[in-house]
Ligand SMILES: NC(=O)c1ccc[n+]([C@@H]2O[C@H](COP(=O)([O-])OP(=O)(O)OC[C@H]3O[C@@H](n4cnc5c(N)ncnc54)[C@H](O)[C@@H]3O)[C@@H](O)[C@H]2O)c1
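First, one chain by itself: the form predicted alone, in structure tokens.
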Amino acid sequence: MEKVKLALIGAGAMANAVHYPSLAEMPDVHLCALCELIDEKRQQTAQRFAIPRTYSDYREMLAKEDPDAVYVLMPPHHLFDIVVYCLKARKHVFIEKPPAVTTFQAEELARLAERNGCLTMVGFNRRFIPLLQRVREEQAKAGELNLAVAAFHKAQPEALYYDGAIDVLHCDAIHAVDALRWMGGDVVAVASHVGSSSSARQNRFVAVMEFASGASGVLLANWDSGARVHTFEWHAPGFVAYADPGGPDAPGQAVIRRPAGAQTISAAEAAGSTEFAKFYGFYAENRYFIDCLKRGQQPETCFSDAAKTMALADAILCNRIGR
């Protein structure tokens, strides 16, 4: 596969901000067609990225275009039927997080993908942030991980995702949940405290977990905080790293401390760019998916792996102290 032929479904904010710009830069990618229900968004996006054909029916698009893979960038409660159709048509699929509204749906998508020999990927971009990958490599050199911490906070106590289609933990804080699995591996035990403040809905999540390696993991997620803060910690013998990759406004940095001294790495330095899509992992995750398609290799964040992240979020809600 010298050039990957992609069909696109959805012309929303994330598609236009990070995914389609990344794909449009890649000389081995052909954006053959776009499907979007809203005419204005469909035409503007197609014009911006020089997409030659547009559709309002994804079934018609797949039949006429016969792409190698499909990007389905839709809210989680609109995903399932479309992705099922693509998988039954034996098309490889990329979707954003979360992979579904429920773990059951995510598992069903994984089973269907396996039956039809489809390569799949969920956009858990934190795994692909160059700064975090660099720190993870440095930790592996230092020794075995013994503690991982992922914190994700926002000042949105009344956050209601898609009019209540999905909860805070599974929809957005899922990024920190998945990052912990990436940092520490399989989780074998979980205990948590889940609370609500300034809201009738659950918006605070604190969890302690044991990885199969014996290392510890800690999740901190509070949507009733003072600002957006998303940080990560790696601890190993003689090694600790505190990483804040930044956000849409500016790149951040990581500080690695060893007995011999401290080292600072900027997110821009690690990525070789100050562009948000690049220093925050979106370009890299899209590049990775294209490379997996060309090699015929199942991506690391395939549907079956994403279902494990959803299941861990379930366990955090179920295994509460005092219950």
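As the structure is a prediction and not an experimental result, all values here were calculated from the model. Position 1 is the first residue in the sequence shown; the rest follow in order.
There is also a form predicted in complex with this ligand; it is not shown, and the following applies to it.
Annotated contact segment (heavy atom within 4.5 Å of this ligand in the predicted complex): 34-42, selected among 62-70, 34-42, 251-259, 265-273.
At a distance of at most 4.5 angstroms from this ligand in the predicted complex, none of the three residues Ala24, Lys91 and Phe289 contributes a non-hydrogen atom. For the options Gln139, Gln105, Ser225, Asn125, the one in contact with this ligand in the predicted complex, meaning a heavy atom within 4.5 Å, is Asn125. Proximity to this ligand in the predicted complex, defined as a heavy atom within 4.5 Å, holds among His175, Arg134, His153, Arg181 only for His175. Although the partner is absent here, Glu96 lies within 4.5 Å of this ligand in the predicted complex, judged by heavy atoms. In the predicted complex, Ile9 approaches this ligand with a heavy atom inside 4.5 Å. Contact annotation for Pro245: none of its heavy atoms lies within 4.5 Å of this ligand in the predicted complex. In the predicted complex, at least one heavy atom of Pro75 sits within 4.5 Å of this ligand.
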